[in-house]
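The structure tokens that follow cover one protein chain in two forms, given apart as structure 1 and structure 2.
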Structure 1
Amino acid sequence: MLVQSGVTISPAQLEQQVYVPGRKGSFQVELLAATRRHGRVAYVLRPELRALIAEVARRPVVVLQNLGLEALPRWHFAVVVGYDAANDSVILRSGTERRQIMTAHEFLRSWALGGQWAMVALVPGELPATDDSDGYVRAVAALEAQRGSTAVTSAYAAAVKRWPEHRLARLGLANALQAEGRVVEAVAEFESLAAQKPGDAVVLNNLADGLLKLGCRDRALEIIERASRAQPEPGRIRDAIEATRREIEASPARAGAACAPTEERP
């Protein structure tokens, strides 16, 4: 799956990343983490056949099967690489077998007993085949947590293009742009999101911080006041707002064209 996504890797190189000696096997969490370690978005499909077939048309899909019984499971990971509709069969890479043919009935039974778990490795910027904004953004956020914000800019940008109203996608994109030093672009994203969510204290706090980095002290103070009014209760967000306020108040102003609101810029 990783090789198909453009990663140069062998099973031997992956062994220590995914194999748990004490359990003589691997678990989903190791597969997901190893995928992210190689810079890919580890996207877990919705547990439905439609999603699996849609992804297989584009890329290989790792699935968890139970080749035994519900009461006596025999767990096994395989890669679905095709579906033969004419013969009602599924084509897999399974263990050392390059082309295993299973009847659709046999496969669906084993997959159902495995909880219908499946995943793909997406290059940042690629989107899943199905319309699953929340699942995709969660997968990107997990890659960000493991590899840092600069690893996911293109992934968040693709999500925003497809789902422009998705709060976490746009917030993630803005934070990633700021982490890359593209502060003007980040502020524009924060402002766009603030227009969608005018009472969102997190967005307003981040917008104020971006404006401060541009030297826009007066606008930053104005925005942090809005954030303070939007988040009156004590807590982690309130603490972050007060920290941003103190930083703004201690900073000099540095006027410039970038300090105008997005809609007022030429």
Structure 2
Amino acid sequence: MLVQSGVTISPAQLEQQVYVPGRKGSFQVELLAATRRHGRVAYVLRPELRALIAEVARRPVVVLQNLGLEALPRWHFAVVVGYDAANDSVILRSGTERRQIMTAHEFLRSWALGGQWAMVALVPGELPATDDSDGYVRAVAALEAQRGSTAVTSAYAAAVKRWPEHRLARLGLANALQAEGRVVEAVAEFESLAAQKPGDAVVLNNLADGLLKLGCRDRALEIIERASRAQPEPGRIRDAIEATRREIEASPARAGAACAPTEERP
């Protein structure tokens, strides 16, 4: 499946990243992590047949099957490569078998016993077939935590294009743009997010950071004040706000730059 999405990897390398000798197998979450280590968005499908069918029509899907009994499970990963509606059967790539055909009934039983778990590897910029903005944005954020913001700009951009009102997707895009040095675009997005929800401390902090990068020291100070008021409780966010404030205060005042708030979105 990784190879299908354009990754070059040897089975031995992959084994090092997912195999647990003491359990003679691999854990689901480690499959996700390994997918991310190769720069792909590891998206877990909603546990429903509809989502699986929609996704299989576009790309191979890794599924967890229980080929044994509920009480005596035999866990197995396979790749679903197709659904043959005429014969009501599922085409799998399984172990060393390139093409295994299971009746839909048989497959669905094994899949249900495995908790209807399924995942796909998406190249940043590709979207899942299902309309699952929350799941997708979380999957992108997990990849971002590993590979950095600039690796996922296109993924957030695709998400914002499809779900224009999704705040986390918009925040992710703005962060990625900022990390890429496209600060003017990032600040415009932060401004618009802040206008929609004036008490969002994370957005305000990052807006202040962007404004500072643009040389708008006064406006950055004003925004970081608002961020402090929005997040009075101590913690990670509060500490980040204080760090931003120190950075602003330490920077020399610069003239120029258009520092007025830009209202792009209604």
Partner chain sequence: MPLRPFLRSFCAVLIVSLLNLGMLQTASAAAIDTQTAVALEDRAAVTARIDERLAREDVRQAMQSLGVDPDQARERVAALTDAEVLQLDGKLAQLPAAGDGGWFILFIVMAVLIFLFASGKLNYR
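These numbers come from a predicted model, not from an experiment. One-based numbering along structure 1's sequence throughout. Between two forms, the rigid core is defined as the largest C-alpha subset superposing within 1.5 Å.
Asker: Mind telling me which structure is the form predicted in complex with the partner chain?
Answerer: Here the form predicted in complex with the partner chain corresponds to structure 2.
Asker: Single out the hinge among Gly114, Ser228, Pro47, Glu180, the place where one rigid part of the chain pivots against the other between structure 1 and structure 2.
Answerer: From the list Gly114, Ser228, Pro47, Glu180, the one at the hinge is Glu180.
Asker: Two rigid parts, two forms: what's the rotation of the smaller one against the larger between structure 1 and structure 2, in °?
Answerer: The angle the smaller part turns through between structure 1 and structure 2 is 13 degrees.
Asker: When the rigid core is overlaid, by how much has the CA of Glu233 moved between structure 1 and structure 2, in Å to one decimal?
Answerer: Taking the core as reference, the C-alpha of Glu233 is shifted 4.5 Å.
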